[in-house]
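What follows are structure tokens for two forms of the same protein chain, given separately as structure 1 and structure 2.
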Structure 1
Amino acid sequence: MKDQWNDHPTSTGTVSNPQHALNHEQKTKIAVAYGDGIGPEIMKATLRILDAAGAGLDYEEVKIGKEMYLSGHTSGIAPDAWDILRRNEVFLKGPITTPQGGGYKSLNVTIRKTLGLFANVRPCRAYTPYVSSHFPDMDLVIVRENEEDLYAGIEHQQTTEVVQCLKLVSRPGCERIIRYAFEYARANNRKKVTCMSKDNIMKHTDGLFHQVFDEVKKEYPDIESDHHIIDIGSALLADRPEQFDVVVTLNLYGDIVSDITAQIAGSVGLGGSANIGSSISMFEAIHGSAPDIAGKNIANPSGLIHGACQMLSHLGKNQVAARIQNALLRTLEDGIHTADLASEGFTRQRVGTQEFADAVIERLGQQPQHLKAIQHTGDQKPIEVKIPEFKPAQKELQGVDVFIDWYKDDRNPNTLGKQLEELAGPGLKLKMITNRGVKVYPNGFPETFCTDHWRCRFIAANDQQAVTYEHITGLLNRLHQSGLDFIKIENLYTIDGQRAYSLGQGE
């Protein structure tokens, strides 16, 4: 059997396609990683199509993935590979196998965060009847924030019983992704942008996302806009996806809904994905390295072809992208299918990976006859997102939440509350204690279950006196000296006069 790691037309270093060597200076140079498993096969097929369509690209190979993991790079990428990514405008990446266990980190997450790839863009379109889906009119795009939210990966175990994951949402992060979604809608002739968040519960984090959406949408009066709470929004996406056009949402929700929409389009294997940054962007297929079918020339290259077409559009080469996509649609219509798409009614010829690529190449310049053709009238500039400069806000200290690890006296909140009231002053007084967000002191309910993790809110002892950092450090010293184990604090501020923290449930 062929060595799947090296089954591609290039070796290490800068690589040119000989067909285009003569007009080298006109080409756009991109970084290419062949990937693991089926990666080399589908990448070879994709690059052949790009070259045949006249994409005008020159390839510099970057080594990432299993080979790098096994040679001791736990992130799956060698330190010098970053230079290759940095000096190329875009990166076309084959799927990577992440080895199980052994402290290996997800290469995708590492690349996204390190290179600031803030937008994950996944078009999901049905290709019925050639690919089965209950939603023949579905044609939407999920624009997922890619760097923040719970995926910041800041987790701590704070007490015996309680672990925490920090949800970070920033204004620049919201601005960039939401503006990108509107710009994407404009550039791609899409009519509506729908925001999804859970701001009825997370009023500050998801609330910021929704607020920025409401601000930014005013700059795009030509684009319709609306908002759904993520739970009903996901249900609607799964039930009537044809009613959506562009959906913009936070990282975790976007991760989930983009898989749902790809699946109900009937085409996880056909989907492409773009990871857009302000200087570097990465393009790939949605699917993984499919080790079960690697090296057999049976994988469907369409997902990576679609990812490559997103890359061409990003480079402003919309016409070439449309040429390839329309040839691919025509190939599907003509019943030329890889094994994963083969169906009794519609498959006329079952082909391998490279033969599928040959069929697409033969149809370059042709339009689909039944499926809706991709329309691109002219090449256009890549989408650029500019975010406004921010003035530093006026912060005023109002108090402090002290988190305490405490389990004594049958976890009776009244015992802890009385002790804290004695320790609170000078300058501060105890306002309340919550357990997992629910107020348990004063006047808690005996039915409320309490863990060993207590949030104790201290505010100014009286309205006339401002809270100072000395008040807080003094409080922490007194807590420590009396044997209480404080595990973290969160300062309570007003920012530009607005309360910048949530109330406890029942406060």
Structure 2
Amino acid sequence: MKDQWNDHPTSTGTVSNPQHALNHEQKTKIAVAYGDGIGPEIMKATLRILDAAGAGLDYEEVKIGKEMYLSGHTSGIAPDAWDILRRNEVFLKGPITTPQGGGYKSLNVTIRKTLGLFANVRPCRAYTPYVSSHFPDMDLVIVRENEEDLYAGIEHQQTTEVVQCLKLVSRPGCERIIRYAFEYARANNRKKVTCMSKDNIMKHTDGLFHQVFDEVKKEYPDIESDHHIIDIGSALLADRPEQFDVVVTLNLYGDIVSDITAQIAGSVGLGGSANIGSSISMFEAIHGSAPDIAGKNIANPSGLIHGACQMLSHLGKNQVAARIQNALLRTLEDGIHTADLASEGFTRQRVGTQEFADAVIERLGQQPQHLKAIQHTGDQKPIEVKIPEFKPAQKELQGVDVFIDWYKDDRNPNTLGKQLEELAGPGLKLKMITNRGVKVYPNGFPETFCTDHWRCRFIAANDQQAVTYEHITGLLNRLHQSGLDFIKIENLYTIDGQRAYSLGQGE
């Protein structure tokens, strides 16, 4: 294999389309990262197709991934690379390899959050019978919140036995992604948007997502809408995906269900992904770098090709995107398949990565004969969403949850509860203790298993007295002096008169 950096097309390389050469001055410049593993091979194939189709692009390379990790950049990207991404505003990215161990952070998560790429858009379509799938009519889009939720990555080990991960969900984050899903549906003639959450359990975080969905959907009466709890929603996606059109959900759920839908459609290797921000956007395949097959010219470039077509549509080049997608469909119909798609019934020619790209290029301008062709009547601007200005709410302090690292041989919550009642002091009283969310004091059940991690809820000593920060700091000082190890506190508020914290299970 040639050196991966010397064999790449560049902005000064050969242009396949003569008319494209005439319009060289009008090219749109984008940032390109070839990535790791199979990344350089599938990127080379994809850029060749883009040039041959007359996409009118100019490429500025940015190095990310394993090479940067091993050079000492724990995030996988050098500081000066950010300038390239911000200058170009559109980024086509190959898959990257994150080295094992060493505290390396996910580069994808870092880029998405740093550049504000709030919407992850993953179309998922079946290509039966040329690609095996039980769902020939499947054609849906997962729109996933891309910046917050558990992917905020805020974790702590709080006691010897218990670790925590914070789930952060914001109203602006919910509203941006939900509005984007409806605008996407409208722009792409989609008929329905389905929200998925787990708000029957996480009533404040997922509850906020569902609440904002119910508010926003009223502004789109032309689009059908519904809601599913994520567990049954995932089951329905796997069993009856044809009943869905656009699905909008939170970050973790979106990551899971988009892989489910890609797989049941035929192959994760076919999936493309758009990461959309207010000013910068990134496009990629949804699969990984597959280092075990790197350099063998056998990888399927279709996922990155689909990601590149999403990029073209984002740039207002819908007709070029459709030209490439239809050529790819015709290639599949003609039985020209890479090894991962090869079958006895429909494969006429088994080809490598670059040969597959050659076949797509040969079919530019052709329409599929059996699969549904991609139709774009004209070019359009990127989808924009606007959210209302922030309005501060009225917060009132109601009490405090103090989390304590406490271990005794019998783990008897009554022992801890009686000690805490004595330490509550003026202005506060102990309401309950929970362990892993379940109330264990007062009147707990002896069958409840307890760890060394205790949530101790203190509220106002009487209804006529307000809780103050001085009450809380005094309590913490008494706990410290008594030898109790408090590891975290969460203030309890009402927001505009509504309780803004969860009850304990059994409270």
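For the two forms, the rigid core is made up of the largest set of C-alpha atoms that agree within 1.5 Å on superposition. Given the structure is predicted, the values throughout are model-derived calculations rather than measurements. By convention here, residues take numbers in order along the sequence of structure 1, the first being 1.
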Please state whether structure 1 or structure 2 is the form predicted in complex with ligand NAD. 1
Per-residue C-alpha change between structure 1 and structure 2, residue 296, threshold 2 Å, rigid core fit: yes
If the two forms are fitted on the core, does residue 412 show a Cα displacement reaching 2 angstroms between structure 1 and structure 2? no
Hey, does residue 398 budge by 2 Å or more at the Cα between structure 1 and structure 2 once the core is superposed? no
Can you read me the CA shift for residue 352 between structure 1 and structure 2, rigid core superposed, in Å? 2.6
